[in-house]
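Listed next as structure tokens is one chain, alone, in the form predicted on its own.
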């Protein structure tokens, strides 16, 4: 199977430290990868590099067998979508208009808004339960409401690869899994994949098919979730004892 995205010996430095050393990483369609690691280990820097917002210090990133640097910004927006760690809007744009902005990358130049665009926006607003917010000004939304809007924008953008930076931010526990599963189900089918930075290993184990652990000193571990998510690996990752408990639908990890 051809990879959607490949990291070929990429190295990322920050603050005079080598955070990631010669990462070899292959993302195939229908995979959902979780990235775990301590604060400052390079998780967000890696995600921004994959989105074309940050240059890597060494190596190359390929998307669909082409260098990321060979794409225009519009082409990249058709292939990669990024959910930022924090989303906020300080101007009174209506929520429905914001969600429609996700369609711009897929629209033909000068074509205007089509019936398909409107259907996509309507569907996304229903899925992320923000239909009642359609007429609200974005600068009046709570953090949780804004996170739902950002998810709907990403869904309507419909890229091949979704990059999610701490997508659980501001979301209540009761809805977090449901909303993330909507994104994961969409971006783990057909010719799509999903990569998300998470803080809670229990969430990662429940949602992700594969894991990438970043230790912050250049080292990394990667592979299928059930192979990588062990108490020993996570204890080393967080420099603190981590314990695992089996539950009905997987594993629960907690600090000792």
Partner chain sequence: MKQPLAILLITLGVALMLLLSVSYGSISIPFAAIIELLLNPDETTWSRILWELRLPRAVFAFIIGGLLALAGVLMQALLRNPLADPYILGTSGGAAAAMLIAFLLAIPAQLHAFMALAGAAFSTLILLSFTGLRQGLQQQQLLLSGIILTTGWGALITFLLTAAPTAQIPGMLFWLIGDLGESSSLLLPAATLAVGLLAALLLAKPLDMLLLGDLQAASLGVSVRSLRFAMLSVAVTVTAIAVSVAGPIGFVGLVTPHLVRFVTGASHRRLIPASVMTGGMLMMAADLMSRTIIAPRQMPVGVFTAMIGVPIFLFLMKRAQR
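Please read all numbers here as calculations on a predicted model, not as lab measurements. Positions refer to the first chain, counted from 1.
Not pictured, yet referred to below: the form predicted in complex with its partner chain.
So in the predicted bound form, does any heavy atom of residue 62 sit within 4.5 Å of its partner chain?
Result no; residue 62 lies far from its partner chain in the predicted bound form.
So in the predicted bound form, does any heavy atom of residue 153 sit within 4.5 Å of its partner chain?
Yes.
Quick one: does residue 185 come within 4.5 Å of its partner chain in the predicted bound form, counting heavy atoms only?
No, no contact at 4.5 Å.
Tell me, yes or no, whether residue 116 is in contact with its partner chain in the predicted bound form, where a contact means a heavy atom of each within 4.5 Å.
Residue-level check for residue 116: no, no contact with its partner chain.
Do heavy atoms from each of 2, 9 and 18 fall within 4.5 Å of its partner chain in the predicted bound form?
Spot residues vs its partner chain: no contact at all.
Can you work out which of 130, 161, 77, 171 has a heavy atom no more than 4.5 Å from its partner chain in the predicted bound form?
The residue from 130, 161, 77, 171 that makes the contact is 77.
Among the candidate residues 141, 176, 125, 82, which is the single one with a non-hydrogen atom no more than 4.5 Å from its partner chain in the predicted bound form?
Contact with its partner chain in the predicted bound form is made by 82 alone.
What residues in 38 to 62 sit within 4.5 Å of its partner chain in the predicted bound form, counting heavy atoms only?
Counting only heavy atoms within 4.5 Å of its partner chain in the predicted bound form, the contacting residues of 38 to 62 are 48, 53.
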